[in-house]
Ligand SMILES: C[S@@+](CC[C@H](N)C(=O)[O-])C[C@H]1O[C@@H](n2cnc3c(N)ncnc32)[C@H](O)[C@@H]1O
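Here you get one chain, nothing else, as structure tokens; it is the form predicted on its own.
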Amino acid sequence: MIKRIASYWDQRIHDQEMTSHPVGTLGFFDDLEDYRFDKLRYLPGLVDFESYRGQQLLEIGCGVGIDLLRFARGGARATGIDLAPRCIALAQQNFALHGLDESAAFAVGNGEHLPFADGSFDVVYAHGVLQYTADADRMIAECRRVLVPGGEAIFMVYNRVSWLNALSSVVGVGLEHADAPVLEKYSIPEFQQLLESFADVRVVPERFPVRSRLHRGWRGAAYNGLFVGTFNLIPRVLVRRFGWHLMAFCRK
């Protein structure tokens, strides 16, 4: 299964359709960063990328290094690992083009069997990774193992009981990477149970509707022109638990 997962992600670059620049150019990486943090406007509000200066930080499933670059800019001693060799090569290129190639280390590897000693990192970050791995429990155990005592783990999974999951079913628009070899979604209690080995866990539902650049035609017009505005009129306290992303902040 791990080989299938690695092959799947080696053939795909997340959000590549959102740029017209050639793969691996500065414009390519900057477009992907711009789109990611437009789509995930909540993320810098929850994760202060500049607050990890001097800390050893590992990102599992780093992709082409969009989030890891922000941690490195903030002064973290960054390490990125990914199953896909192509992603690691592009992440290294991303860092080099931004003048940060000396700021991070990279490795092709499996988050379920991390090639690091116990207590190697102050922070482990895996945003949108657990839902695509073969054995999420195993990955959680590995994340906890490589953390120092009191270290922080930050995870994101998809909320099974969410507005986007429901909307996808109603209008017949597939979710991104629905064809991946593994795609698991979790309710809040299920996610909390997955993380029960940590001493302290805080789960925050996030990612509510914002205008999308992805969808075209009548569906895109209806989503952007009607649904986004209408949904966001609802007091957030009433819909908070239905956020598409479940962020978890954990202490070992």
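Keep in mind the model is a prediction, meaning the values are calculated, not measured. When you see a residue number, it is the position in the sequence shown, counting from 1.
Keep in mind that the form predicted in complex with the ligand is not shown, yet the notes after this line are about it.
Enquirer: So the ligand isn't shown here. In the model of the complex, which residue out of 106, 132, 163, 116 has a non-hydrogen atom within 4.5 Å of it?
Expert: Here the answer is residue option 132.
Enquirer: Looking at 36, 207, 70, 185, which is the one with a non-hydrogen atom within 4.5 Å of the ligand in the model of the complex?
Expert: Partner contact (heavy atom, 4.5 Å) among the options: 36.
Enquirer: Among 81-89, 116-124, 95-103, 147-155, which stretch has residues with heavy atoms no more than 4.5 Å from the ligand in the model of the complex?
Expert: Only one stretch qualifies here: 81-89.
Enquirer: Would you classify residue 128 as touching the ligand in the model of the complex, given a 4.5 Å non-hydrogen atom cut-off?
Expert: Residue-level check for residue 128: yes, a contact with the ligand.
Enquirer: Just to confirm, residue 112 within 4.5 Å of the ligand in the model of the complex by heavy atoms?
Expert: Answer yes; at least one heavy atom of residue 112 falls within 4.5 Å of the ligand in the model of the complex.
Enquirer: Examine residue 57 and determine whether its closest non-hydrogen atom to the ligand in the model of the complex is within 4.5 angstroms.
Expert: Result no; residue 57 lies far from the ligand in the model of the complex.
Enquirer: In the model of the complex, does residue 76 have a heavy atom within 4.5 Å of the ligand?
Expert: Result no; residue 76 lies far from the ligand in the model of the complex.
Enquirer: Give, in sequence order, every residue of 61-76 that has a heavy atom within 4.5 Å of the ligand in the model of the complex, or say none if there are no such residues.
Expert: Going through 61-76 in order - heavy atoms within 4.5 Å of the ligand in the model of the complex - the hits are 61, 62, 63.
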